[in-house]
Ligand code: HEC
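Only one chain is included here, represented as structure tokens and corresponding to the form predicted alone.
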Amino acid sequence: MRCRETVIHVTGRVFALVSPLIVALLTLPAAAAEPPEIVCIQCHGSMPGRIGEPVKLWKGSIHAENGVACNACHGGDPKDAANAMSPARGFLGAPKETAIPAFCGRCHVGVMKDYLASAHGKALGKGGPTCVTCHGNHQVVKATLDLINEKSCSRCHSYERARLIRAAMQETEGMIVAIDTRIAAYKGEGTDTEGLEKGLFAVRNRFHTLFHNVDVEMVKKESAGIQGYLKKIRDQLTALDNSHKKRKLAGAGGITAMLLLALFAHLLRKTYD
């Protein structure tokens, strides 16, 4: 009883010490945790119609999700409203159609190379699609198989070849997503997943090179090869699963043994009493 009263007393003192800190943290202004917006967003975001639309679209993009803002693509000074669109500060504006691949390729070098080598890239300036045709310009979407769809592809040609390419890549993408989820779960538990992450990153990059390839047989062959590497990563995860199960069983066995030992000691003491 005395022990319980001591615990309650100590707990009360600790709470009395930390509660003012908790209250202070909870009452901090919400804006303190958020970086200030760049002037492009502050200005255009408050405007209606065509001038404000890019900001609204950008907020739903993969660029916004990864902290890539207006100046990363269009240049200019993001902190000075008077010089935000000054060429002297590196402002580039919007590129012409034929310059779009090079414009996006400043960051996506490998993707630009894949695009230019493809049938789409070779049709640049001749009615062929550019990066923004499929990915959008401000509401830029992530490269997934959702981009290969009948509505988008049939704007320019028959969907049949694209359908075969998507089917060849479907299982591979599913494997990548499943493995990524398993790695994230282990990382969340504090497990060292650096090697697994690097392996998946390399495989995913190889997979993404297929998105601009329109050679059905080559896509099928490459996708099969990529699946081989993914299975190796999956085997590593399975080995990790088994190792964790053994640890949990060993831990459970240890706890059970301690409980039995405590019970035996208790019965023994009662016998002598």
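Residues carry their position along the shown sequence, with the first being 1. These figures come from a predicted structure and were not determined experimentally.
Not pictured, yet referred to below: the form predicted together with heme C (HEC).
Remark: residue 243 does not count among the residues lining heme C (HEC) in the model of the complex, judged by a heavy atom distance of 4.5 Å or less. In the model of the complex, heme C (HEC) lies within 4.5 Å of some heavy atom of residue 91. When contacts are judged by a 4.5 Å heavy atom cut-off, residue 104 counts as touching heme C (HEC) in the model of the complex. Heme C (HEC) is not shown here, and in the model of the complex it never comes within 4.5 Å of any heavy atom of residue 170. Although the partner is absent from the chain shown here, 68, 119 and 157 each have a heavy atom within 4.5 Å of heme C (HEC) in the model of the complex.
The single contact residue among 175, 148, 200, 183, judged by any heavy atom lying within 4.5 Å of heme C (HEC) in the model of the complex, is 148. Interface residues of 188 to 207, taken as those with a heavy atom within 4.5 Å of heme C (HEC) in the model of the complex (partner not displayed), are limited to 207.
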